[in-house]
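Below, in structure tokens: the form predicted alone, a single chain.
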């Protein structure tokens, strides 16, 4: 079976992993997030152990794995998690006993545990599993039975993360990718939160067979999200100013098939404006482009690769770059190409009919200068949505659009999100939340008189 045929067959049923696909590995319930490309020779370091990722091939997304000790070394074993810990208080006996306990008399002097490090290493040499080590630690703890039920579960979870780490195999799509980058490296995606990204797509009315013009300076997250929503219909045109396109590394993590990749194209803004309706590009294009290029010269002239980012901030993003194999001899299957240059016949169609909608996420550019140049490319009554981390650039752009009578129905929205922890007898807002989601300017373009 050829590689292209295998990818096309598996793309029709993407619920399981395959050779060369990208996955998001969630280790210990969000403690560590790793994007990896699966292959028979790929490895991942969990704690101080190198584990092969081969057991993950062919498994459904959403599967759980646990690090086990075998005769050939540590390996990932698939298992089904238990829900007993979350339902502890549903038992009447446990709740009545827990009311008589408290932690006031407990003293943390490192003397409650009688099991030493040498004993644990000996258990490992004898082939003990992580669960057996955790149970041994609980049995040899002098204070475990005196703790409340919540404290016991907290203690068990802490030991489980250390001696029996759990790996959740997640599918990389818009939500999981956005949440992972926002948690580990938010500056890479311009602090774009998931609810804000969803609102961007909705306000721009991204739907099937749409031709979407995108200015994506958030690593390719916006381009990938639009392409995922289109589902292989219409086109996503990623435009840019200057001679170098903006990075699209994140869009390559989505596991898009060939049909969707063909619908993701690139084109510089000058090509979209050239000979439009028999006219050259607007006169103001040169001066404003120079202004915008000067504001983002570093980002445009030298796009930052994933390797450069990891070197610049190794401690922050090391878990977000795609994991490579342990041996350079192993060949990884190449991902499908996306972001090719837009064909001339497609550009001609856009010049004649205009784009269906516009989405901008370019925090490093002047919003009004960019919108003023791009607006002639849009069709009449085309919706647009612009994201920015700060309010003032959007307020200035909205004011100028109103003065020029270029758009109607404009509004600036501030997304708001509150996460809740929902567990038996302990439902409350999460203690640590992202309170700021940026701003979105939306509206509808109108034809000039």
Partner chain sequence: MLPIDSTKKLSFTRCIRDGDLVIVYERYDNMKAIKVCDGSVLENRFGVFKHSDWVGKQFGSKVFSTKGGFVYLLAPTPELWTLVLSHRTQILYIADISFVIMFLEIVPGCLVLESGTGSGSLTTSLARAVAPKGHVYTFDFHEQRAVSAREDFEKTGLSNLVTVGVRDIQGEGFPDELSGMADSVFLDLPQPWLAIPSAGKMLKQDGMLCSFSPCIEQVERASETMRSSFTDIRTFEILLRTYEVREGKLDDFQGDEAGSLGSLPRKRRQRSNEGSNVRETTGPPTVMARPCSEAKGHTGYLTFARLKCLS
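The structure presented is a predicted model; accordingly, all values stated were derived computationally and were not measured. Residue numbers count along the first chain shown, from 1.
Another form, the form predicted together with its partner chain, is not on view; read the next lines as being about it.
The stretch from 154 to 162, 338 to 346, 230 to 238, 131 to 139 that comes within 4.5 Å of its partner chain in the predicted complex, counting heavy atoms only, is 230 to 238. Of the listed positions (149, 123, 265, 203), a single one reaches within 4.5 angstroms of its partner chain by any non-hydrogen atom in the predicted complex, namely 203. This chain is drawn without its partner chain; in the predicted complex, the residue among 63, 28, 69, 43 with a heavy atom within 4.5 Å of it is 63. Among heavy atoms of residue 376, some come within 4.5 Å of its partner chain in the predicted complex. Although the partner is absent here, residue 111 is not a contact residue: none of its heavy atoms lies within 4.5 angstroms of its partner chain in the predicted complex. Taking the partner from the other structure, its partner chain in the predicted complex has a heavy atom within 4.5 Å of a heavy atom of residue 439. Mapping the unseen interface onto this chain, residue 32 falls outside it, with no heavy atom inside 4.5 Å of its partner chain in the predicted complex.
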